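Read the single chain below, which is given as structure tokens and is the form predicted on its own.
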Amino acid sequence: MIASKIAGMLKEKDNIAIVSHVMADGDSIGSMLALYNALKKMNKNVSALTGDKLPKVYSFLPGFQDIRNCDSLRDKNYDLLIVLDCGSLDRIGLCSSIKAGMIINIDHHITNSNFGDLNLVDAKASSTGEIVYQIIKLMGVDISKDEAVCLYTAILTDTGCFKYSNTTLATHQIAGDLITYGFDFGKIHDMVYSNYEYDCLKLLGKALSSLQLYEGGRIALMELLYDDFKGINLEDISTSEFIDYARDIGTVEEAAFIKETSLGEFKVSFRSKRIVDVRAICEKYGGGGHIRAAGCTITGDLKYVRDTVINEMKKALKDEMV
């Protein structure tokens, strides 16, 4: 069993680096810090690393202040490099320069390229946090409140508060076990989902003002353009939840959020409710994710990107309704 082998290697090796993907989310940060805290308790020389800035909304997680930029450890050699929640190695950005004797790839995306020397990819798991929970158990480490908070946050955010289709019986059982460690799970929800920065709400207003419906209200599209970010401090802002407003319109089955991240480059997030496989759309453009939540990057001018996204969604909806 790969999970047992990975747990054994984590117990055996002493110098370990753990990295999250670029533009890290709650699952990648929560999973990384849960494993980091568990290994620290085992007196391992462990580093939690990132290649870019992290959203401060997750700064309440135990160990967050210990996360270091990989540039500061570029010349260090590790026994193991643990890559979490990444479908491909390029998703760790600048951290790809980290030197290690072995790469261990732990993920739950079906599009994972199995880039590691050891690969644990469980597409049935709701989140990477769910897999890391099992590994910590296999390591024989007693989960403490700190690890429980990190794992619960990872699972909560990647299941959309347990409402996405990736939520299973096992997901609820694990979450139930984590709650027994005595943290305030309602407060975690508030910290993640009810903790907006003023500039974030201004951006949300701009995104909502762009909202358009197509196909009799079955498709929704919203966007933010490069100029919309002028004068706004982006360091503490996450726009990852904006698309939920489009998806949650009663008539909508399929939604997309186009965000111009640099001139001529657009990050596109897709969501669906019940029938459309949005991951299949994203795979055409080098992206991926889940059946009901996925993303990709498309380059070109705004008209091309907008037309491409609308046409892909229309085709996907038509194909599923045949």
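If you're wondering where the values come from, they're calculated on a predicted model, not measured in any experiment. Each residue number is its position in the shown sequence, starting from 1.
Below, we turn to the form predicted together with another copy of the chain, even though it does not appear here.
For the chain shown alone, residue 117 is not a contact residue for another copy of the chain in the predicted complex, no non-hydrogen atom being within 4.5 angstroms. Another copy of the chain in the predicted complex comes within 4.5 Å of no heavy atom belonging to residue 142. Contact check for residue 230: no non-hydrogen atom falls within 4.5 Å of another copy of the chain in the predicted complex. Another copy of the chain is not shown here, but in the predicted complex it comes within 4.5 Å of a heavy atom of residue 245. For the three residues 152, 177 and 206, a heavy atom within 4.5 Å of another copy of the chain turns up in the predicted complex in every case. Residue in contact with another copy of the chain in the predicted complex (any heavy atom within 4.5 Å), chosen from 213, 225, 89, 123: 213.
Out of the listed residues 97, 113, 195, 239, 195 is the one that sits within 4.5 Å of another copy of the chain in the predicted complex by at least one heavy atom.
You can rule out all but one of 100 to 108, 245 to 253, 71 to 79, 123 to 131: in the predicted complex, only 245 to 253 has residues with a heavy atom within 4.5 Å of another copy of the chain.
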